[in-house]
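Quick setup: one chain, the form predicted on its own, written in structure tokens, and binding and motion questions come after.
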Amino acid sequence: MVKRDAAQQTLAAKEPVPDAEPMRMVRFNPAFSRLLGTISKTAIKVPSMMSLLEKRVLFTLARERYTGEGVIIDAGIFLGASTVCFGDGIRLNPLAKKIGKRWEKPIISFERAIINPGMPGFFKRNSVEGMAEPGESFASALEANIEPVADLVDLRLGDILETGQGISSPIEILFLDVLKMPEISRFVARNYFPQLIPGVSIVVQQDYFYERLPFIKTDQEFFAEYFTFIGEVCSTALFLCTKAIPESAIAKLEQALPAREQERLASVAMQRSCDPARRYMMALSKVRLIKQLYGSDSAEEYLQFVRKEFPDQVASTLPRLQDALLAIERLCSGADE
């Protein structure tokens, strides 16, 4: 496990860290300020919907903070960039030999590996060749990309609701880019949150500062008393588990939260970021939540409030912000129903 070939040992120079650029501001609690380190060149090469900054954080987590006390759950890997970041980080970790003795495969990676309608555009923009049509598998491309670290990886292809069962190991890093439906979020809470190690485990919520998927924010914030928010990078939020999560808390989440409580949790999530653009995206996510809870009229009313609270972001020419607003406007008008 501790072999290090030349490519894995060569680290890319640090990209300048944006200070105030919308959606790219990087902020970590002082104790975690070193999480934005360098990155291996092999990890850079894997096409990904993550930014280079997010890749650097995953690589540094595995290289600098991972101790092997638990495994790394790498859930939602797309073409394998997160897996390579974790694998290359472990290769260069000073505790690599110790980790190898405890875990034959310290990374457990999950991916459905089926092309969805939004992926062909990504493949074209990133010159990813050899892909099929929506509904077909991209497993072979994924497996080729992670081949340099395959000896460290328990790769599980398919629906995580089936492939994610039966993991009893403690979990030290929980990377989540798989929470595309509420039932998956609850599955993760039920099966993985109890295995987090208080004071050690870090949860990486890759879709936290994303204007869709409001349940990710409310579910994570429901467990706020068991976590400390430690930082933000692009669409990702990181949380340190501070105390064991009891069965009773998970059972309460599964009973369905009252509408007003979901609203409150969405508001808490909105305040996590120092970046007005991220708070704006979280406010748009709350519009989606209100639409689900109370209908179009209430959602439109809250959207008008958001417009007044975030005039600079509403007027922004940044495509990311423009597209998010357009999608919400369509939702409120009923065009996307």
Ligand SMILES: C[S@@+](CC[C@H](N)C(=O)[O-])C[C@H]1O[C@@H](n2cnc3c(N)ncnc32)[C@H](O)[C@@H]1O
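In case it trips you up, residue 1 is the first one in the sequence shown, and so on. Worth saying up front: this structure is predicted, and the values here are computed from it rather than measured.
What comes next is about the form predicted together with the named molecule, which does not appear here.
- Annotation: in the model of the complex, residues G76, D177 and I184 each come within 4.5 Å of the named molecule through at least one heavy atom.
- In plain terms, the part of the chain that comes close to the named molecule in the model of the complex, with a heavy atom within 4.5 Å, is 158-166 out of 89-97, 158-166, 219-227, 252-260.
- The closest heavy atom approach of Y192 to the named molecule in the model of the complex falls outside 4.5 Å.
- The shortest heavy atom separation between E111 and the named molecule in the model of the complex is within 4.5 Å.
- The named molecule is not shown here, and in the model of the complex it never comes within 4.5 Å of any heavy atom of L53.
- None of the heavy atoms of V149 is located within 4.5 Å of the named molecule in the model of the complex.
- In terms of contact with the named molecule in the model of the complex, the residue from V200, C234, M119, L265 that brings a heavy atom within 4.5 Å is M119.
- With the partner removed from view, the residue among A81, I171, C241, V204 that has a non-hydrogen atom within 4.5 Å of the named molecule in the model of the complex turns out to be A81.
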